[in-house]
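A lone chain, given as structure tokens: the form predicted alone.
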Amino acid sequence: MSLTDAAAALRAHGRIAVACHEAPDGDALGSLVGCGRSLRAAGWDVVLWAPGDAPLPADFAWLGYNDMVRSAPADLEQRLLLTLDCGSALRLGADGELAVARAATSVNIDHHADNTRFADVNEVDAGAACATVLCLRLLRLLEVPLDQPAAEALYVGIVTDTGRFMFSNTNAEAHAAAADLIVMGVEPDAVFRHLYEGKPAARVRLLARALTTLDVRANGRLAVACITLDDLEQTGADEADSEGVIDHLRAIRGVEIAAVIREPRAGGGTLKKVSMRSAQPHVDVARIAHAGGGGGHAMAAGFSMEGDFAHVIELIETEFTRA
């Protein structure tokens, strides 16, 4: 199937629910806001669904959360479900598979190579830098105009998923799309101030505590840091304030994989959530994430598992060093 099929499905349905994955990042929220609100402005009856009950990240609150629902719409049977940046139905939450089954039809637009193609129409392009680029393609195909707030949201997705245009997924299309959005009125300096400045002191305190746990292994090729529930309590930080810790690990000379392991508040101290980044194109962290029951990209992936920190670190190191 192709993006043309996705566009045809949308043209055939006036009522849609646009969803991203739970625990959304900038690409997921940028896609949800930029694509969903543009479709609404163009005449579709749109519900924006950001699954999960954890607070949405404060870094992107300026995009606006007021019109988002956190659980599947009650009238989903009457709506097309458009999922963005969502690698599997399970990424929609515990009832994700049921939600896909309930929808009148479903369209899955994503750039994760391990996407499970769970929808009726699947447009998965692993060569795309981010989901927001695919959203921009779709909106152009549908001839849906973008206002400045929607353009800013899509720009956020490109900036964050390419690591400010520094990651290996950055390509010509990402730069061209960003340039087009700037022409539409996006002010890069204003977006960067929203994303990377004005951070709460609690985030800096959490970073300081996390870096004291730095554990460099595998002859300097693996760097790990851990964040406990106590760290969150002592610093007054939110879970989202752990964003950015991994970039410090990834920047260490010789490191090929950076991993941050944290205890989410909802996990009661036994669940561990792992975020991984590859610092070298030949190192595939998605393979390690799959071993832990998760997934993602070759350069950025994650998983969740029960156990103590030592057990999780052992799994990462074992999979990393496996020939």
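One rule holds for the numbers: they count along the sequence shown, beginning at 1. Because the structure is a prediction, the values reported are computed rather than measured.
A second form of this protein, the form predicted in complex with adenosine monophosphate (AMP), is not displayed here; the remarks below concern that form.
> Based on heavy atom distances of at most 4.5 Å to adenosine monophosphate (AMP) in the predicted complex, which listed stretch, 33 to 41, 289 to 297, 263 to 271, 52 to 60, is the contact stretch?
Going through the listed ranges, the match is 289 to 297.
> From the list 209, 112, 250, 137, which entry has a heavy atom within 4.5 Å of adenosine monophosphate (AMP) in the predicted complex?
Here the answer is residue option 112.
> Report yes if any heavy atom of residue 79 sits within 4.5 Å of a heavy atom of adenosine monophosphate (AMP) in the predicted complex; otherwise report no.
No, residue 79 stays farther than 4.5 Å from adenosine monophosphate (AMP) in the predicted complex.
> Although adenosine monophosphate (AMP) is absent from this view, report whether residue 275 comes within 4.5 Å of it in the predicted complex, heavy atoms only.
It does: once adenosine monophosphate (AMP) is placed as it appears in the predicted complex, residue 275 has a heavy atom within 4.5 Å of it.
> Does adenosine monophosphate (AMP) come within 4.5 Å of any heavy atom of residue 18 in the predicted complex?
No, residue 18 stays farther than 4.5 Å from adenosine monophosphate (AMP) in the predicted complex.
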